[in-house]
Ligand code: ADP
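Let's start with one chain on its own, the form predicted on its own, as structure tokens.
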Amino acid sequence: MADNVLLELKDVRRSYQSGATMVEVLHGIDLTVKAGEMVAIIGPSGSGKSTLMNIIGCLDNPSSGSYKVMGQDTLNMAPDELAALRRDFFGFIFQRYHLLGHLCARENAQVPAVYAGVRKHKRDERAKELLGSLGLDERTEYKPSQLSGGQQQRVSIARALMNGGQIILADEPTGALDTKSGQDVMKTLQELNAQGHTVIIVTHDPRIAACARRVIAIEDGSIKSDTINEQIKDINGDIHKDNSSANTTGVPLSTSLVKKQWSLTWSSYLDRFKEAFIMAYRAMLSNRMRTLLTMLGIIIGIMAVVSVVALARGASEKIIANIAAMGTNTITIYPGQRMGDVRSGRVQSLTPRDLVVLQGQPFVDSVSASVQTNALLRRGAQESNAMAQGVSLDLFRVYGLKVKEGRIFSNQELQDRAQVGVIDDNAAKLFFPTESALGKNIIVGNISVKVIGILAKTDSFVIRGENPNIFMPYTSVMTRLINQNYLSSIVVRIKEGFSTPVAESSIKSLLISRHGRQDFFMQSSDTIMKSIESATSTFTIMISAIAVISLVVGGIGVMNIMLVSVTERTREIGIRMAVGARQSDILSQFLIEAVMVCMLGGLLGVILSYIVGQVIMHFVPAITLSYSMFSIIAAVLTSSAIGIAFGFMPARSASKLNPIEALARE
């Protein structure tokens, strides 16, 4: 290859599918461009000049032939390698400017530097310097909609020069401009050429072509002529001094300076991610309603999951608190083989003697008997079905029952089978609404019982619902009320420091030796808690699985909206690719946007769940919701995972777009 040859095309052909046939647009193009040249490619519409420009700028690939940039063949280059050439070697100036509408002039100019990994303060300095040199120093913060056509084109020139722009590719640069703005743009291009930039202009206007030293005429996909313009003119037709021969290195001074000043570091990758995050955030803001509707499915799903987990957790904690009130180291002994055994009523082997034997064991803190029966309570004309419970003294401490007024029965009253009792708050309100119950008598079944104490209101499972309860010495209930000599159950409190499983094993061995067989079963508070926790977990998982369906539906909504977003922003994607965005840059931008939508939806779902929970607990005090940090973090991470899962396909679709097709999309 000859010295100073930057671009070399040999027998380049380009064909496109048109229905069932292939149409060849370029027919064996042979062309070389040297450093520092200013070349105009002129031809009528449909001649293939724009296709040739796209191949030169690595926006498109030839169907056959060879295209080399500085001696490197581009035919087998990967997409990211081609993006690197567009980013660091070429600078594009389009007829329609192709600026990003949501970015200001300064931000538009520095887009190529973002993808080059240049630090923000250096990008800002470079963008302001370029815009200032192009007469836009007072318009740096203006959006494209606030700029004239000529000003927008100058912004695109600044963007083309951002990373150096060794080769400036201008596609009909004055086509959308008025005469004055067109003159300014062509003057700028001639000045850039004089500084050492290689400039290639595609035009159909002979006046524009006359501004270049070299003019290549193309017609029907073939080069018809390649001439040197002896008298270079400006757009007004005046003779223009040719300075291109003084700049043959192909590496402008400004470009060299920039490359030395800008160095890539690990923080540049973080900066690229931050810029992608900002771009995604701005895209969300520009479509607020669509973003909110997209979030709706995620919000509802996360709210449902968090609320269900909080409800199950609250119910579990409430039950466990009730169990803990009777002690977390208690063992209850029941007759029969298991809970719900229909033959347990015929088992009469639990007796007060077992109670006495258990009291003497070293691991026992206290032992309480329990005999229960339904009885009719009467006082005057008032009567109600109630639960009469025969208990030991220690049972009040075991179950955490507090006496509001009076006292509990004494050990002497227990031995004497005294007809005394302690009523609960329900019985006190029903039978003694206007007077104190202490010292008064109430009929339990067929016996008269003196009220000696009133229990404070409690949520303990021992007192269920609104029905009245009365607690009497178990000896009195057994002999005076139901006439039986066996117990319904025995509750054993284990001393601190003793192992509950070891105590269970000792009790089992002791009672089997006394009864001659195992005609009983035991439940410890630890076992009950584990069973409740297991049941609650199963319930939570089951309901959460149902709630997750709404998350999946929300994820599908995110995917659909992101696909729509990709379609709407195809031209933006094309612009970003043209100025050097890698496929990974486009992928990350759209993926970040999907994750942001889902994460924000997840956070809003958590907040809404908490607000709804507080409202429910205010109006329905019986319902308790308990929120855990784990479930909240899991919900947000789940929403993020949904964003990645359902956002990947649209993001990948965006990254795989053809730059030419994307730029042509309106």
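Not measured: the values here are computed from a predicted model. Residue numbers here begin at 1 and follow the sequence given.
Although it is not shown, the form predicted in complex with this ligand is what the next lines describe.
- Kindly confirm or deny that 16, 45 and 50 each have some heavy atom within 4.5 angstroms of this ligand in the predicted bound form. Yes: each residue has a heavy atom within 4.5 Å of the partner.
- Query: Okay, which stretch from 50 to 58, 613 to 621, 64 to 72, 630 to 638 lines this ligand in the predicted bound form, with non-hydrogen atoms inside 4.5 Å?
  - Reply: It is the stretch 50 to 58.
- Even though this ligand is not shown here, does residue 645 get within 4.5 Å of it in the predicted bound form, heavy atoms only? Outside the cut-off, so no.
- Item | Contact label in the predicted bound form: residue 657 to this ligand, heavy atom within 4.5 Å | Taking the distances in the predicted bound form, the answer for residue 657 is no, it never comes within 4.5 Å of this ligand.
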